[in-house]
Every structure is written in structure tokens, then in C-alpha cells.
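First, one chain by itself in C-alpha cells, the form predicted on its own.
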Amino acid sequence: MRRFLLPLILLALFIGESIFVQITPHDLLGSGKIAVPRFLLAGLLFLTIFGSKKYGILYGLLFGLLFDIVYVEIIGIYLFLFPVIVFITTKLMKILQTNMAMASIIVLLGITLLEAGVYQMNLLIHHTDMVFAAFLSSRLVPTLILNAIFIILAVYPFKRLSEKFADSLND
């Protein structure tokens, strides 16, 4: 049963991101600010850091494809970025300590990489004309603030859940 709990929670985070966007006021952090919830990526990175690296990349591929199919007009942006960010996280965690504070910082770094990658792709295909300074102030900083709050609340439960998931795979 524990084996299915983590994928179900990741699926709930996937669905919860869109629900969160719909129920929160648009001017929550001020006029013109866009705070994007990246709860699913945070969950994937916590799984990778505290649990299974293999399943982190596998779920990154699966949820990246699902994210592209449901939310994005172009298939491949999240399908590519989720597993790449998870892979980078696995390499970083080989040289860094695996504790909750470091994991939180790495997750925020992963969210930053995702946001920068999506911004660059949208700039490349002329889907946006926002300059980088405007992107930093109106989207990246509010997104990092929102996700930092989520990470503070979720780091301990995800640590325990990921460790139990990894133990259930070894049994």
C-alpha cells in the first residue's frame, strides 16, 4: 500500500496546482505579479533527494508528459525539463549534505531552473516579449516566495514519505 501512496500524492499535487491557481486571488502578491505554484516539482525533487533517484527521474518523465498534455500547447518543454532538473539534483546531492535545509535550497534552485527554462523557451518561440529583468521581478521572485512557503510546510512530511517509499521498494 505504501508503494502507491507517493504516486497518489504526486498526482494530488499535480491536480492541486491548478486548483490553487483557481482559488487564490490574482493580485495576492501585488498587481502584475505572477506566483506560479510548482508543488509537483518540489515533490519530485524531495522524492529524488530523500527517496529513490530512479523513481524521481521516472516520475519526472511521466508527470512532465502529463503536464505538457494537460497545460501546455507544445509537447516537450516539461517532458524535458522535469527529468533534467531531477538528474541535476541527483548530481548535486552527491556532493552536498542530505538534510532538510539543503534539500529546501536545492528544491528552490530546481524551481528557479524550471522557471528560467520555461521563460527562455517562450522567448525563443516568441510566445513572450518580456525582458529578463521584468521576468525576475514579476514572475520569478513571487514564484520563489510562494514555493518557499510550500517547501517550509512540506519538507518534513515529504522526507518521511520518501524514505518510507524507498524502504517499501527495498522490501
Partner chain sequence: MPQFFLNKRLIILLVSIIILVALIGFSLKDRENLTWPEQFLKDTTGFIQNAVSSPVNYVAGFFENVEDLQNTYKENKELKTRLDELARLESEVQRLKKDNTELREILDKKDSLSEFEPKQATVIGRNPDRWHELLIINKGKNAGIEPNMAVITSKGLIGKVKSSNTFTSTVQLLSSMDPTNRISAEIQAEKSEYGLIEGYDKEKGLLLLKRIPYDAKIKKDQNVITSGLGGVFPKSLLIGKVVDVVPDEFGLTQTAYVKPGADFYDIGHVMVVKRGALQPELMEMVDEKEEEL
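Since the model is a prediction, treat every value here as computed from it, not as a measurement. Residue numbers count along the first chain shown, from 1.
Here the subject shifts to the form predicted in complex with its partner chain, a form of this protein not shown in this document.
- Contact with its partner chain in the model of the complex, judged by any heavy atom within 4.5 Å, is made by just one of 88, 100, 96, 74: 74.
- Taking 69, 58, 141, 109 one by one, only a single residue has any non-hydrogen atom within 4.5 Å of its partner chain in the model of the complex, and it is 69.
- The closest heavy atom approach of residue 54 to its partner chain in the model of the complex falls outside 4.5 Å.
- Interface membership of residue 113, defined by any non-hydrogen atom within 4.5 Å of its partner chain in the model of the complex, is ruled out.
- In the model of the complex, at least one heavy atom of residue 78 sits within 4.5 Å of a heavy atom of its partner chain.
- Although the partner is absent here, residue 14 sits close enough that one of its heavy atoms falls within 4.5 Å of its partner chain in the model of the complex.
- Three-residue candidate spot 9, 148 and 160; no residue lies within 4.5 angstroms of its partner chain in the model of the complex by any non-hydrogen atom.
- Residues from 119-157 that approach its partner chain in the model of the complex with a non-hydrogen atom closer than or equal to 4.5 Å are 119, 121, 122, 125, 126, 127, 128, 129, 130, 135, 139, in the order they occur in the chain.
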